[in-house]
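Below you'll find only one chain, the form predicted alone, shown as structure tokens.
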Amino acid sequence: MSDHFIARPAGAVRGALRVPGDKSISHRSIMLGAIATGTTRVTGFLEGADAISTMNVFRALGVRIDGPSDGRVTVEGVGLHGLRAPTVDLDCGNSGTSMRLLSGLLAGQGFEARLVGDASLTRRPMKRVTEPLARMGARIDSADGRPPLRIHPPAGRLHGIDYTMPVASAQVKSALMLAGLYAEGETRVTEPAPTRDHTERMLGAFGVPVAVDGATVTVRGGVALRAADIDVPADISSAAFFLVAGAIARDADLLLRHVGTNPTRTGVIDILRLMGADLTLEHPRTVGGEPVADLRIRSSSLRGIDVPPELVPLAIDEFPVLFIAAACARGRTTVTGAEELRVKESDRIAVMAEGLRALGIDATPTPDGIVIEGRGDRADVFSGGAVDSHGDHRPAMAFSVASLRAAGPIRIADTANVGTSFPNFVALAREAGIDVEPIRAR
């Protein structure tokens, strides 16, 4: 029997919470701290499996890292060219961010490295990263475009390129920027739609000039990084589960503290507001170059919408729980242009459609999205029953939230990977009023 959750119908969602630190920023704080000169101190670090995988990779590359302890990490940087050849495979676990960004960072090193991952990561496509890196002179072998990846030293120094991405992806953009640090000349990346810009912001904090001109970002090779202090805000992708919980619960008034509100990440806020959510930002401020605010969500009467295409890349990780919101809305919600969801830790369009239908929701998957017929006029939107998260943490947490409007318990299979992004999800969910219980495998 695999790990699973039992989520039971509950009442009020109330209180004040701080969800774990932003996963994207946590990854990057280790990566850039490792190749900087001096000591980087990180607070608010996400102590989840994905970020720990990144940390352990850099330890295998000869970087001293102390922590994490209560979200505090110290990284003793070795400089741009101070990484050492690993004596073991570099295990990225379940983390696509780790593998794709490391592909860029390691492409210009003078040693060989092999990037591996778990069964889920081994199924994820890597050509979108390895092909443009090859144009820069990188030599990366793969198993038909999928992990494991063997990275060889380039024949000479990498060279900068001018690359227009066919698909919006912050991971591809970041990988090319990191490779650009080791390349001759400038590396320019143009994206078809805005994606998260944490790499650009953090490179600036480490003293690397980054030019942004519309949709094009440019980095110059050979610039030394200087250690920095990084305060990681709470992850809006983790906050999203509680934003939807507050919106759909019958009696909700929930405050989420110190949440990162980077404009390249706030698609979930914009979409929920378009659906009619009673969601406000309080005490906006800037911390370490990143915008932060407290988010207050109250019970809301949601309506179905056609999600604007320009918001899709800004909420790509939040769609599993947004699909729960759509089921609780009045009328139809349509999502298009979200084909990226099919190559995440699972095919999230298929997994969510399957689970929603098992709970009595009319959900029709399309090649690049989904159509959901909301049942917001009913007290019990979901029927209760059994769903399978297929080892993907975000569907597992999304279906837990669905229990707030269910007629009976929801049993969610294959939930072990929730710890990759949100290690204390169950404890915080129960604190907020969501009745979810983990059942460990025997």
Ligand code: S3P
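We number the residues from 1 along the sequence you see. This structure is a prediction, so every number in the text was calculated from the model and none was measured.
The same protein also has a form predicted in complex with ligand S3P, omitted here; what follows describes it.
Interface membership of I316, defined by any non-hydrogen atom within 4.5 Å of ligand S3P in the model of the complex, is confirmed. Though the partner is left out of this view, A170 does reach within 4.5 Å of ligand S3P in the model of the complex, counting heavy atoms only. In the model of the complex, S300 stays away from ligand S3P, with no heavy atom inside 4.5 Å. By the criterion of a heavy atom within 4.5 Å, K344 is counted among the residues contacting ligand S3P in the model of the complex. In summary, the region of this chain contacting ligand S3P in the model of the complex, judged by heavy atoms within 4.5 Å and restricted to 97-105, 273-281, 186-194, 71-79, corresponds to 97-105. Note on contacts: among R128, R332, H152, R257, the single residue with a heavy atom within 4.5 Å of ligand S3P in the model of the complex is R128. Contacts between 10-41 and ligand S3P, taken as any heavy atom within 4.5 Å in the model of the complex, involve K23, S24, R28.
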